[in-house]
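Only one chain is shown below, in C-alpha cells, and it's the form predicted on its own.
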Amino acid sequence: MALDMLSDVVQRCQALPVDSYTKEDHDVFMTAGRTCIEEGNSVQVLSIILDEKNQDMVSCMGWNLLPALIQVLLKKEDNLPQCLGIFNHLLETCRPKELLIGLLELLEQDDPDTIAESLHLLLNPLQKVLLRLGSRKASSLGMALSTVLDQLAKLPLPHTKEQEEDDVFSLCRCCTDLTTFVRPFVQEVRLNLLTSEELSESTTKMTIGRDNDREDELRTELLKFCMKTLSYPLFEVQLKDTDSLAVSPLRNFATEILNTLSAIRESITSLVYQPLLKRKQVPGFLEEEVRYPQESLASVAHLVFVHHLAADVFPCVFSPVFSLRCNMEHVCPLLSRREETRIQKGLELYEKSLVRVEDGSLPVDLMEIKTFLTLPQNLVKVMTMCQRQDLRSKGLKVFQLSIDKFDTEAKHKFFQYMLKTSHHSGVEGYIIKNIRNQINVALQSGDGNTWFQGVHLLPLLRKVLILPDGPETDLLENLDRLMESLNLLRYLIIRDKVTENQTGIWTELYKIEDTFMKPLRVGLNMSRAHYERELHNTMDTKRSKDKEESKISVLVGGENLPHVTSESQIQVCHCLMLKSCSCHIYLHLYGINDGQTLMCLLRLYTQLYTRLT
C-alpha cells in the first residue's frame, strides 16, 4: 500500500516543475517513503531515489526520509546497505539547508546511549552538508556546533582512569569525532588567513574588507566553540597525566582545542595573560566578555600551567611573578564558586603558579593589588566551609605556600590584614602561629630583619594579644586564637631575655596586662562559674527521677536524633572547665621568677594543651 502510494506520487511529480509540487505531494511522499523504509522495502525506495528522472523531486523532498533512515542505521537492521545508499545519495542531492535542519533535529536526543550513537553516526554527514554551503556556512556551523555541544553536555563524565580508558559513557569517542568534525573548517580559516596576508599588499582595502568579514564570522564561530569546550567538558573533568594514563582521549581533545586556537590566530599566551595584558580591539559582533569568557580563560591557564599542554607554543620569557599575578586573576573567581570541580581547579592552578616563585621574593607593593587581598579571603572560605576535607587540607597547604612567597615586610602587612578580615578563630590562630615562626627566624638569623622585632613587631602583637569583645568575648568560639596567642606570649617570655628585649615584649607587658590579661581572667572566671553552674544543674537533673529524659528533641532528615545523656552533658562540662583551667594556668606563666615553679607549670600546661588539641 505504502509502496503504491509512493510510486503514484513519484509518477505524478515527474511531469511537474519543482515549484508546482503541492503540500499534499510533500506529505504523501514523506509518509509513504518513511513507511516503505520501516517495512523493509528499502530496495524499491533506493531504485526510486537513484532514478535520474526523479532527481528534482529528490532534491526537494528527499530530506523528509531522514528520520526513518537514521532509525535503521542506528539499529543496524537487515536493510542497512540499501538505507545507507539512500542516505548517502540524499546528502549529495538534497538542498544543504534542509539537510542541515533535518540532521540537527535528529541529533537532539535524551538517552545517553542514543546521544552517543547519534553523534557518532551523524557528525560526518553533517560535516559534508556544511562544506556544501561554501563561503556562507559560518552561522550554520555555529548552530551545528551549539547543538552538538548541548548533546555532549547530556553525557556522563568519566571520573576515574578506568572509566576514561574503557570509555564507558562514550564521551571520549564523541570528543574524538568532534575533533575530526571541525578539522576542515579550522583548515579553511587557516588558509583564508594566509591568503589574506598574501593579498593585502596587492588588493584594495574594500575587497579585503568584504572577504575578511566572511572569514571572521567563521573564525568567530570556531572561537566560540573552543571557549565552550574549554568550559565544558574540559573544565569539568580531571585530566590524567601521561604517567597514570599513557593514551588519554580527553587530554588529546584538550590538546586539539588549544591547537585549534593557535590555528585561528588566537595566541595562547594572550589568552592566559589577558587579565593583565593590554586588551586588543577585536573585529566581529561579539563583545570581549562574551568572546573570552572568564571561566574558559581560566581553563586555558589550567591546561598550560597544571597539565603543561601547548608547551611548544608558550614562551618562557614572562617572570614567575608576572605569571602568578595573571593566574591569580583566574584563580580568585574559581575559589569563590561553590562547585567542587571549580575549587579544585583553582587550588591546582594557584599552587602551580606559586611553586615557580622563589620563597620570600614577593614585595610588599603587591599588597596594593586588589587580587592579593581578595584571593586569601576566598581561600579562607575554602579552608573553613568547603564540604570536602581533601580540598580544605589542600587550601591550607596552598595558603601556607602563598605566605612563604612574601618577603618579611609583605608578611607583616599580610598578617595584619588577615587578623583584621578573616573573622575565624582557626584562621587567626594559624596566622598567629606564623607570626611566632617569623619572630623565631628573626631572632635566630640576626640578619637585621626588623619587621618581626622591636618597634615594627609591637603593633602586630597588639592586634594578637587582645580580646575582641573584652571580658565578654566568647572564649570557646575564640579558643584557637586564644591558645595560639598564649602560646606566642609564652614563647616571647621564654625566648627573649629581659636584658635584651629584642621583641619589645618586656616594655609592653604592662599594656598586655591591661588589654589582655585582666579581661581574660575576668572572662575565664565568668566562664568557669557558668560551667560549674551547668555541671551542678546537670548532676541535679541526673539525680531527679522525674527528669530522666530530655524534653528537647532535634529533628534531622525526618528522624529524631538520640537524646544527650546526663553522662555526656557532665563530660562536656568537665571538658569546658578543663579548657578554662588550662588558660588559668597559662596566665601566671609570664610573671613567675622561680625557674622550678615555671617549668612545673609549663609541663602542666603542655599536658592540658595536648589533651585539648
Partner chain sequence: MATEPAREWSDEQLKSDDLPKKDIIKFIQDNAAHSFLNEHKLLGNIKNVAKTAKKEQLIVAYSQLFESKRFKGTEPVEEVTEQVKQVKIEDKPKEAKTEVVYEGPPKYTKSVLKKGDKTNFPKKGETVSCWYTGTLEDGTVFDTNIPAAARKKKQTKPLSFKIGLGRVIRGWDEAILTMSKGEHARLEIESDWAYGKKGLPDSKIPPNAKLIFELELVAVD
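Residue numbers count along the first chain shown, from 1. Quick caveat, the model's predicted, so the values are computed rather than measured.
Although it is not shown, the form predicted in complex with its partner chain is what the next lines describe.
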Would you kindly say which of P293, P333, P320, G142 lies with a heavy atom within 4.5 Å of its partner chain in the predicted bound form? P320
Option touching its partner chain, based on a heavy atom within 4.5 Å in the predicted bound form, out of V247, C316, A529, M385: C316
Each of E368, H456 and Q502 near its partner chain in the predicted bound form, meaning some heavy atom within 4.5 Å? yes
Verify the contact flag for H412: yes if a non-hydrogen atom of it lies within 4.5 Å of a non-hydrogen atom of its partner chain in the predicted bound form, no if not. yes
Contact test in the predicted bound form: L324 vs its partner chain, heavy atoms, 4.5 Å: no
Quick one: is Y417 in contact with its partner chain in the predicted bound form, heavy atoms, 4.5 Å cut-off? yes
Any non-hydrogen atom of R251 within 4.5 angstroms of its partner chain in the predicted bound form: no
Taking the partner as it appears in the predicted bound form, which of 223-231, 333-341, 190-198, 162-170 has residues with heavy atoms within 4.5 Å of its partner chain? 190-198
